[in-house]
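Next comes just one chain, in structure tokens: the form predicted on its own.
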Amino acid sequence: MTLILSVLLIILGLAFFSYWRFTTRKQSGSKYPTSLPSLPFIGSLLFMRNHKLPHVFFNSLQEKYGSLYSLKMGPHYMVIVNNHQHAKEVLLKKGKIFAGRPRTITTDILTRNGKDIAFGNYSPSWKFHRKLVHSALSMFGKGSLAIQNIICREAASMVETLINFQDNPIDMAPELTRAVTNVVCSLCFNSSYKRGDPEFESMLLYSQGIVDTVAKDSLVDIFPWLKIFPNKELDMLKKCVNLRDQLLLKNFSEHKEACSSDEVNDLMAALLNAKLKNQQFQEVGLTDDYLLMTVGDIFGAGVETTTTVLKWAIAYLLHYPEVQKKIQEELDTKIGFERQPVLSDRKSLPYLEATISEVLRIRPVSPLLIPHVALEDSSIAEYTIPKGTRVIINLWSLHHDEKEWKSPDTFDPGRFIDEHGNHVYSPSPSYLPFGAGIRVCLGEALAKMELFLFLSWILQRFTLETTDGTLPDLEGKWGVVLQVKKYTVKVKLRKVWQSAGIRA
């Protein structure tokens, strides 16, 4: 009992010392962002209790604290960025200064202590690691035509499956996930899954477990010492990561045995080949774990993010059938019925491209970008930002800024169309769906290809309708990505395809 009391007193003492040091430091004459109320040890946690999703809540706090404000998440000092001027200063102008990543319990479990690219801290080895992946993708890529063929193959398979479910309520999520998974598997492992494959079903379960538990600022991430206590979420994360690693290790071992400098058929082989040929790989300390976590990044994030955007896109098309009809009219006029869409058609289908852009704006996959960490004392605008500060870019605020977007809560693809009817990628500097700068999403180009081809193939053939008039929920479910709550849809082969007797 005395020992426990002593430990508690030490913890409280350290907390008060940390709080005192922080508050006295702020009195040095520097200008700091306005702060939420903060208490010793727990920081601002008591003042953040509400029913809103975090990105929406942070957005609402601007009314009281301004577009740049701070808070303490337990012992961690955090700054929330809600406008594009400050965001671009962090991501672009001072990208290297703010390129750090925080270490948390859940992300360490996911990444073998930060050995990936997304959550790995900025360092010479991280820079080499990212450069290596770019190089490996180039070695394997063989241009967009090879990737296009892979995506179209999976689109054709998905279309054939959907034909068999016509007019019946169906949850499209598993089919969308399988299609996207097979694209990533082809790139990473030169393999794919058939419908109902037990390994694929297992992957669905562990992927969902990871999304539900990692990087959510749970209490164990805020107070790491809590890991000594029983924690169901942490146990689930460990179990899911273990299942993921079994799959990665199986493919890694097979590739290692078959590794040949003469033949590179997928990303895993390209990475192994680069390791054999590049002496610097060993010099910067990149082990096999880094290769595994690299593929884990691409395999995990690449599937979850793209699938989530597709689910949001379909949800919005159900809410706005006039948008769906306009896309189909564009497809009929520009593509016709004798062939399927290909990547070179993107310029010919500006309204479809604009719809994808609007989905990425109104429901960004990661509304709070992965936290950045200041690697040295710096500033954002006129505000002092101490070394070690965690900086959160609230992408939701950027994409719903009334100063930048007319009626930002309204779904309107037309905002991405210019007066000549052309697609405009970024009508506002506040549009950053994939982030920017040093930490910009590695999978941006692939994601755009998949979104265009999968949606164009589906909408060319099918009309998507609600089940019994029930529309999908558009609020979303909080996680490492903003997930869509489960919904069903009726998939109907369009009359023009029925009359032509065409199946796929």
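Worth saying up front: this structure is predicted, and the values here are computed from it rather than measured. Position 1 is the first residue in the sequence shown; the rest follow in order.
There is another form of this protein, the form predicted together with a small molecule, and it is not shown here; the text below is about that form.
Residue heavy atoms within 4.5 Å of the small molecule in the predicted complex occur in exactly one stretch of 70-78, 112-120, 87-95, 163-171, and that stretch is 112-120. Val214 is the sole member of Ile417, Leu360, Ala270, Val214 with a non-hydrogen atom lying within 4.5 angstroms of the small molecule in the predicted complex. Think of it this way: in the predicted complex, the small molecule has a heavy atom of just one of Cys152, Ala381, Ile370, Leu219 within 4.5 Å, and the residue is Ile370. Among heavy atoms of Thr106, none comes within 4.5 Å of the small molecule in the predicted complex. Within this chain, Ser207 lines the site of the small molecule in the predicted complex, having a heavy atom no more than 4.5 Å away. Contact check for Ala301: a non-hydrogen atom falls within 4.5 Å of the small molecule in the predicted complex. Taking the partner from elsewhere, Asp266 is found to have every heavy atom lying beyond 4.5 Å of the small molecule in the predicted complex. Proximity to the small molecule in the predicted complex holds for none of Gln328, Glu353 and Leu451, with the criterion being a heavy atom within 4.5 Å.
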